[in-house]
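Let's start with one chain on its own, the form predicted on its own, as structure tokens.
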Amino acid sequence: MIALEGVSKRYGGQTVVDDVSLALGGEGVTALIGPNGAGKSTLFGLVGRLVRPDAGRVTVDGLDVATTPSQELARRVAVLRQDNHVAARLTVQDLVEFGRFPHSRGRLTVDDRDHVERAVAHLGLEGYRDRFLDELSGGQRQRASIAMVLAQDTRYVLLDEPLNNLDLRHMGETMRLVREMADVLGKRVVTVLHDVNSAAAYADRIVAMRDGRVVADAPARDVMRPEVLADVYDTTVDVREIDGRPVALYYG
């Protein structure tokens, strides 16, 4: 389990995460939603040790994130950042192999190569393994990044805005892969999403933030209610049932 206990983070005089206590990783897919500046990505960074808290404590399976060696933490939590800048002249194979670094320290064993091959096959990247990343479309690069995360073979997977800059087809494809991570591979995925309808369609649980605090935390369907979304986004949101699923509509 990932646990945040009274966690706060400030930048200058602004508090961006405000005394948050939360347990994550109990469900297959948990989506963090909320308006810009709500604290979603900062919370994500606190769990992945990309950001250090000013107060409180974050643990992963009882291990304190602040003091656990990086290699040990990376065997439990895989992190795919929104600004996942990697060298453009890396090949897909190189990138996926990098996911094994916490285990291999750069010297791949037979077991490491098996994990890489399974990840490449699961993402359907066999025909792209020798392609450079800057030769791929945005959707193909995202698949390669997810393959790297899968090759890392962790219980917990953190995805920060995995739908960024993707078209509708690749958004759907990416969210189906996220769902497969949980349902087929047994991962516990925590993902930051701006698209509330993607969260409703694919997540088991939605945690909604506003002004650095958690304002809703419930099964996805229970958060997809007009009064809850209005409180999260400070605007009128209509929710309709389409093919048995709640869909949020906003007309401006």
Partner chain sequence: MTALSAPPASTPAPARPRRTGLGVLVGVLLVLLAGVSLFVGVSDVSPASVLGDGPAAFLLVASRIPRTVALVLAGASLGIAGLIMQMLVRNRFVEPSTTGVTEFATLGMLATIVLAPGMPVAGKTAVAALSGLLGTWVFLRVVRAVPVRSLVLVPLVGIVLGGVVGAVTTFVAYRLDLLQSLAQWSQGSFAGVVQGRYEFVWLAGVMVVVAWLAADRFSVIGLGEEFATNLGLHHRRVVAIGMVVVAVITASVLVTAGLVPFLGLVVPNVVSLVIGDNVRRSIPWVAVLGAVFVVACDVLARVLRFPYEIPLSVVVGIIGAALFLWLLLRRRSRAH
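Numbering follows the first chain given and starts at 1. The shown structure was predicted, so the numbers you read here are calculated from the model rather than taken from an experiment.
If you look for the form predicted together with its partner chain, you will not find it shown, but the lines that follow are about it.
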{"item": "4.5 Å heavy atom contact, D112 and its partner chain in the predicted complex", "value": "no"}
{"item": "Close approach of L177 to its partner chain in the predicted complex, 4.5 Å, heavy atom", "value": "yes"}
{"item": "Contact label in the predicted complex: S70 to its partner chain, heavy atom within 4.5 Å", "value": "yes"}
{"item": "Contact test in the predicted complex: R155 vs its partner chain, heavy atoms, 4.5 Å", "value": "no"}
{"item": "Its partner chain in the predicted complex: contacting segment from 29 to 37, 209 to 217, 187 to 195, 43 to 51, heavy atom within 4.5 Å", "value": "43 to 51"}
{"item": "Its partner chain in the predicted complex - contacting residues of 122 to 142, heavy atom within 4.5 Å", "value": "H122, L123, G124, G127, Y128, D130, R131, F132, D134"}
